[in-house]
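One chain is shown next in structure tokens, namely the form predicted alone.
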């Protein structure tokens, strides 16, 4: 394949922009012919981790399973883009240690901005008490201590955030060249 495997882990609150930025990075990398796989938290919950709830233990198990799949792909030279809330620092750190080639992207959008976006209506339902253990409302989100990239979507465009991710991958030796982003 001629590429180094790496897991690029997008973490942040629901509605922060993880999936959107991940999609732009995916398009740019695919356009250059990179071998990659996307593990989206919502899709994984529907398929690989169906039946897990939202207790801390279940959330940790969800992230552990995503991390296991990402590890298998990464060690086989695949670039893995993971987009998952992954609210707890300790389990993210465990996954980082297991995978090794791991780049953490913190999509640090403030809660107020995420609530304004609320495309799925989840925050509204959580505030009304219809959803329990919702990250950022009645369950904590623990921001990364030292993410490789901090995407501040309230201050930068999706393209700027994606470009920062791509620049980081290049600087860490995972890309030979930085893809040119097309405006979306």
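Residue numbers count along the first chain shown, from 1. None of these values were measured; they are calculated from a predicted model.
Absent from the display: the form predicted in complex with a small molecule. The rest refers to it.
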*Contact label in the model of the complex: residue 156 to the small molecule, heavy atom within 4.5 Å*: yes
*Looking in the model of the complex, any heavy atom of residue 169 within 4.5 Å of the small molecule?*
no
*Is residue 45 a contact residue for the small molecule in the model of the complex, using a 4.5 Å heavy atom cut-off?*
no
*If you check in the model of the complex, is residue 128 within 4.5 Å of the small molecule, heavy atoms only?*
no
*For the chain shown here without its partner, which stretch in 59-67, 140-148, 118-126, 29-37 has non-hydrogen atoms within 4.5 angstroms of the small molecule in the model of the complex?*
118-126
